[in-house]
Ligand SMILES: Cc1cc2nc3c(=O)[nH]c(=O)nc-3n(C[C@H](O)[C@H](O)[C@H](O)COP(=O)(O)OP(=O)(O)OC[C@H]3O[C@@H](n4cnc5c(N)ncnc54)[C@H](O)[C@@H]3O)c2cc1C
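One chain is shown next in C-alpha cells, namely the form predicted on its own.
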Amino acid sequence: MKVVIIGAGPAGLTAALELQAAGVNDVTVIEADAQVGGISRTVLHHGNRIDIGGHRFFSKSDWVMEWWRGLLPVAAPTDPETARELRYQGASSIAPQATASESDNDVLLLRSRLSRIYYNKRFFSYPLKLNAASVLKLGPWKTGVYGMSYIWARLNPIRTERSLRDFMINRFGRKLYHQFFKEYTEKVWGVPCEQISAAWGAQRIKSLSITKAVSHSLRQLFRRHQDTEQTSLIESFLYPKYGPGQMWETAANRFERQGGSLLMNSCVDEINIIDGVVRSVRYRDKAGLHHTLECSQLLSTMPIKDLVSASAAAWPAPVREIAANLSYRDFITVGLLYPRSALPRQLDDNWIYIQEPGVSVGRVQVFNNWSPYMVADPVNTVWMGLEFFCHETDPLWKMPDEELKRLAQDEMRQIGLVSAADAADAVVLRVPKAYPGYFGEAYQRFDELQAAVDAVSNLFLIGRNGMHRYNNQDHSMLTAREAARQIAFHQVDKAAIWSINVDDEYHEEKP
C-alpha cells in the first residue's frame, strides 16, 4: 500500500504516525512550506518565537492528550510552589512526569490561562463572565439592560437560526450581542454576522451562553471557598516549551526515523483521478522540478479549493464552481518587542480581544505568558503578536511590511496597551487561507462538493482546510486518526470522519 499525505500540519503528521503504528510503512508526506506544523508552526525571529494564532494544548479527548504526552512529556516546574494538577472533567488528570524537568528542552509546560476582552480601556473576562468585577465595570444600568435583553431573548427566541447573528442573540440577548460580539466577529470575518452561517456557531461556540457564564462564576466562587488546589482545563493548559511547532517538529522527526518520507518545499499541483480513484500525485520541488508519485490512498489537508483545481478534469462544472468560490479569511501577525517599562500595566494574558473602536487589530498575544522560553529576554522585554484579519485582495494584506509595522505600533499606543511610540523590534507574517469561511453562496452548496469528493473511494479529506471546517488541533488530529484507521483496516466510512466534532465548551479561539 502506497499512501500519500498532502500537508505536514497537525492532521497530516497525526495521520502519518497513526498509519505507521497500524503497520502501514510506505507513507509519504508532501509539504509546501519549509517548516512543518502548518498554522501550528513556530516562527523564530531574532531569538524571539511567534505562535501563529495561538495554540493551547488541551482536549476533551483523552486519546489526544495522551498522544501529545507520548511525544513530549509534561515537565515538573522549577518552582515547587507553582506545582499543580491539571484535572480534566473531574476524572482524568495530568500531572508532571517524574522523568521530565523544565530545564529539559523537549517538554510540555503546564501554563495558566488568562484571556480578556479589552473594551473602553477596561478588561473583561473572556469568555464573558457575569461576575462582580464585570458588573462593576459595566455599571448597574447597563447590567440591568443587558439582563433584561437576555431574558427577552430567552422568552422570545428566534425560532429558525439562519445566521450567526440569530445564533448569538438567542444565547446572549440583543444588547450583549451588539456590545461584545458583533463588531469583533465582523472584523474577523469581513462580512456581516447576518451572512455567516449559524453552523459556525453550532461548531465553535455551541455551549457558550449567559447561563454557562453565571454557572462558571458560581463554580469558581465555590472552589475558592473550598480552598481546592484542583485546576480545570478552563484555567490551565499544556504548551510546548518552545511553541506549538516543537510538537510537530518532534512528530515529523519520529515519522522519518520510522522510515517515512517527508518532502519539504514541495507543492502539489496535479492529482490524477481516473474512474473515481486517485492514481497519482504530481508535485513541484524547491528547484522547480516536477515529480510524480503513484498512490493507492491519498489523504489531503490542502485547501479543498486547491485540491479540486489540481484535479479539475475529474469533476463536473458545478463542483468546480463551488470549490473555486469558497471563501477564506487571511491572517497577518505583526510581532512587536517592547521593554517592560513601555507597558503602563502588567499584562498576564495569553490573548487580549480588542473591542476598541477605530483600530484594525483584532487580538493581541503576549508570548511571554504562553512560555517564557518564547522570548530571548523575558525578564526585561515583552514580546507581543498583533493579529489582523483580512482578505488577500484587501489593502491591509497588500500594505508594505514597514507600513504594517508602523500601523501596529500606532494602534498599540492609541488603545493604551503601551506608552512607547516605537517598538524595539518588529516583524510581519502573512498566512493565506488561515480560516475557512462559513459564508457565501458556494458554502451554502458545500454538501454537493463534499458528496462529490467523498465518492472518490481512496481520497480522504482531513484537517481544517482539507475539510473546510474551522477545526481545532484536536479536531484535526481526530479526523486524521479516523482516516488512518479506515485505510489500515480497509473500512471506508467517510461520514464517520465528517461527524467528528469534539465538545467545544472550553475552547476560545477566534471566530
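What you see is a predicted model; the values in this text were computed from it and never measured. Numbers for residues come from their place in the sequence shown, where the first is 1.
There is another form of this protein, the form predicted in complex with the ligand, and it is not shown here; the text below is about that form.
Within 4.5 Å of some heavy atom of the ligand in the predicted bound form lies at least one heavy atom of residue 472. The ligand in the predicted bound form comes within 4.5 Å of no heavy atom belonging to residue 482. Though the partner is left out of this view, residue 363 does reach within 4.5 Å of the ligand in the predicted bound form, counting heavy atoms only. Heavy atoms of residue 19 never reach within 4.5 Å of the ligand in the predicted bound form, leaving it off the interface. 33 is the sole member of 33, 454, 448, 26 with a non-hydrogen atom within 4.5 Å of the ligand in the predicted bound form.
Site annotation in the predicted bound form: the residue of 331, 200, 367, 181 reaching within 4.5 Å of the ligand with a heavy atom is 331.
In summary, the region of this chain contacting the ligand in the predicted bound form, judged by heavy atoms within 4.5 Å and restricted to 439 to 447, 42 to 50, 482 to 490, 463 to 471, corresponds to 463 to 471. Contacts between 248 to 283 and the ligand, taken as any heavy atom within 4.5 Å in the predicted bound form, involve 266, 267, 268.
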